[in-house]
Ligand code: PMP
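Presented as structure tokens, the chain that follows is alone, the form predicted alone.
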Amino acid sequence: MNNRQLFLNHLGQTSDSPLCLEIVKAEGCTLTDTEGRTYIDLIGGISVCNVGHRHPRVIEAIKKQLDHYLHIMVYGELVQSPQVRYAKALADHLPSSLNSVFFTASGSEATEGAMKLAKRFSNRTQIVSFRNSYHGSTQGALSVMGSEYWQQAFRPLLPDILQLRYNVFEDLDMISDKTACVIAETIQAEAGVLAPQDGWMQALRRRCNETGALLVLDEIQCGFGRNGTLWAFEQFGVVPDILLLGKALGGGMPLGAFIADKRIMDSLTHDPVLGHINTFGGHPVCCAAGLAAFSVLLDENLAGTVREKESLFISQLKHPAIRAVRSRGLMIAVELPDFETNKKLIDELISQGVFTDWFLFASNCLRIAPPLTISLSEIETACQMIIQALNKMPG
């Protein structure tokens, strides 16, 4: 029995029609399958591989840590050098109020931890989120997801969740002194790359200040240089009370984090003690890999290359079938007439050697979120193949 059949028989499936590509090698911005066919990767593990697949410095850091130790003890009890060094590096490149890092094993777990932290610190129960938002698929994260399509099969979910319209100023008045926190994506990713309109993010920050609600910004997809600055919130002149990170945080290894001021974070240490615990959060190998990737991101100024690459994508993606191109750095949504057109395009691109997909809440949009290391020539080749594929499709 081949691996494809074993995959279908023995792994839990997420859809009834998985792509079933069997990738045996990933390097830089290139994937290679069992038949030796190569693909330009326009997904980057969905914003995971910001420094490219298997960056040499990441591989070196993993191998070095393997010689010391793997798992020792649940997160937060023993001093583990990779965790400590990475937390300090993150804090050094964040505003001073974001100085305490709680590592998790995924972005969804970071969402869960932040929700508990906000409730514990504020002694409030209401959590506000936004329509067409995505913060993970675990039960709590699903409760603040902004789509009934994905929620309806799993109700009842967490109570006291209020969902507002993203980018609508008047909805902010519904945030009140009962609100523990407001959780928002700095850039709405799965909605098809929707950025805050002028002044809205600042208005959200002010309303949280007025009511005492904590502002939680989710940069699980848009952090680590993807939008052209190290953190997306830098572009809007606000600082969250809690920051959510994941995906690129681990440099290709599973890692998440929620980050806050220590006076807020310390509320999880008492009443009850062990208010939040995590077995594999901040796994030392993952932290070693993540710190190496973060160092590459900074040393090679990858965020500084994003604008040029974004502009090249936009200049090349012109075709009658393309309704719009929305972008914020190397997070790009190419809007097509409908999902059927988009799915045909995705399938054709995969057959021609370009790997991409669609967005959860904008299924008519082609996703482009490649490693930040993608070259200009790779961008031009990928865009030419997109246009050629669109030309082959019936009008």
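What you see is a predicted model, and the numbers here were worked out from it, not measured in a lab. Each residue number is its position in the shown sequence, starting from 1.
This next part talks about the form predicted together with this ligand, which is not shown.
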Completion exercise
Of Gln83, Ser106, Ser143, Ser129, the only residue with a heavy atom within 4.5 Å of this ligand in the predicted bound form is Ser106
Practice task
Go through Lys309, His283, Lys247, His276 and name the one with a heavy atom inside 4.5 Å of this ligand in the predicted bound form.
Solution key: Lys247
Practice task
Tell me, yes or no, whether Gly136 is in contact with this ligand in the predicted bound form, where a contact means a heavy atom of each within 4.5 Å.
Solution key: yes
Problem - Contact flag, Thr179 vs this ligand in the predicted bound form, heavy atom cut 4.5 Å - result: no
Handout entry: 4.5 Å heavy atom contact, Ile220 and this ligand in the predicted bound form
Key = yes
Practice task
Considering this ligand in the predicted bound form, find the one stretch among 259-267, 171-179, 89-97, 220-228 with heavy atoms no farther than 4.5 Å from it.
Solution key: 220-228
Fill in the blank from the handout: Restricting to 170-193, the residues within 4.5 Å of this ligand in the predicted bound form through any heavy atom are Glu185
